[in-house]
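One chain follows as structure tokens, the form predicted on its own.
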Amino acid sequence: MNTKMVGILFAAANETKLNELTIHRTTASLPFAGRYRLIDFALSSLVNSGVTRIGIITRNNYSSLMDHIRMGRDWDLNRKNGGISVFPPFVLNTSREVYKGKIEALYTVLDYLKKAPEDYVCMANCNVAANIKVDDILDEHIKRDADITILCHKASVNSSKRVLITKNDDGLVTDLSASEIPSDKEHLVSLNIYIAKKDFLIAKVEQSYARGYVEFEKDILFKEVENGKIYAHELEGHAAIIDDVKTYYNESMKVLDMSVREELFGSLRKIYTKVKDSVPTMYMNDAKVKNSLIADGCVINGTVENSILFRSVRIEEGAVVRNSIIMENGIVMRGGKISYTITDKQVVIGAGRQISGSETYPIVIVKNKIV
């Protein structure tokens, strides 16, 4: 058990850019890779690193998140000391105002942090799919005597509002900037996951909140670079930032690559999720499946190519699914054809219907719709 670090997870991130996918849920509970939710990656990385005290700050539409994590049993977090604590999104209980940024969000949990016996804090957005050895990075953070360590990876900037990092050979951050325009050029991109000294973080949040600041990156992180105690840790494994529909689709499709699946799910550090007891998938006489990820409980009697099917999806005879993502309890009826489409939970594609998006602009069908 890691007695040095407490985890703080932000359940909401860029939900306006995820559009239809977050109408009924928060980013943390967005389904991913057939059977997981995005929060599973952050929770599992922390638990696998021995962190057993984790606070989750919510914002809106978090009923599905509460249903998913329950008491934290699936991550071995249903315990008397520590475990999961879920915080409402209000800055002050008297005013009932929703927090405007991370500084206000952190201010709501300062009492929780002050009472925690741990000396370090790991803060993370829940929109990153990665299997991270947080304990190794904490050891590096302590050895460097850093105030904050930023987790980052090399990637092209495929979405705006990413934080770009410049560091020297020792990992010391020499410059931070915010990207405004996506580009194909590779940069060192922040994953919005930080390890910080707890006392340092509390002091900075209190000072910043008193001055009316709200954005952690702009109002704290960027200003601390000149003090020379901000470091960056570059992740070598696969890491995906999901902050709009396009990145959700593209990063989901990458999971069809076996090497990516191995990096995310193939190590001894497992990614845990809510357990559901369901029957194996049934492949009927007319089933044709190629390069697809199929969860349990499905019934397939049509064609599925380069697609991801979540639990209990039904593909009827003559139906064709290509380059698509079908979430739980979805149905494509007889003769239906879809391509480059994301259907949310319990969506029904009617018999003979044809729906086609494009790789650069997949179509999203909202939860419970019948098309």
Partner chain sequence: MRVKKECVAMLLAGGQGTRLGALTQKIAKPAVPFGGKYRIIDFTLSNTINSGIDTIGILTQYQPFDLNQYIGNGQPWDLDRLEGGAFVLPPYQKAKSGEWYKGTANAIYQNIDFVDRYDADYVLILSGDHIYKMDYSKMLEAHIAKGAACTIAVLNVPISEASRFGIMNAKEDGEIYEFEEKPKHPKSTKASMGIYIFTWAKLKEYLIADEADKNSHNDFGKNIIPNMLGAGEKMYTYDFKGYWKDVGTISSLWEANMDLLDSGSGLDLDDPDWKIYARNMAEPPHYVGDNAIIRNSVVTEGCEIDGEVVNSVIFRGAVVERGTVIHDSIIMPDAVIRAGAKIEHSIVGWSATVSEGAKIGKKQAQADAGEWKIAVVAPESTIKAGSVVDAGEMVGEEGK
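This structure is a prediction, so every number in the text was calculated from the model and none was measured. Residue numbers count along the first chain shown, from 1.
Not pictured, yet referred to below: the form predicted together with its partner chain.
Residue contact check for G212: none of its heavy atoms lie within 4.5 Å of its partner chain in the predicted complex. By the criterion of a heavy atom within 4.5 Å, I142 is excluded from the residues contacting its partner chain in the predicted complex. Within 4.5 Å of any heavy atom of its partner chain in the predicted complex lies no heavy atom of G336. Contact annotation: A33 falls within 4.5 Å of its partner chain in the predicted complex, judged by heavy atom distances. Distance criterion of 4.5 Å from any heavy atom to its partner chain in the predicted complex singles out S278 from the list S278, T166, S179, Q207. For the candidate set D119, E263, E234, D296, a heavy atom within 4.5 Å of its partner chain in the predicted complex is found for exactly one residue, namely D296. For the marked spot (R73, L256 and M284), a heavy atom within 4.5 Å of its partner chain in the predicted complex is present in each of the three residues. None of 197 to 205, 170 to 178, 111 to 119, 267 to 275 except one has non-hydrogen atoms within 4.5 angstroms of its partner chain in the predicted complex; the exception is 267 to 275. The partner is not shown here, and in the predicted complex the stretch 321 to 355 never reaches within 4.5 angstroms of its partner chain through any heavy atom.
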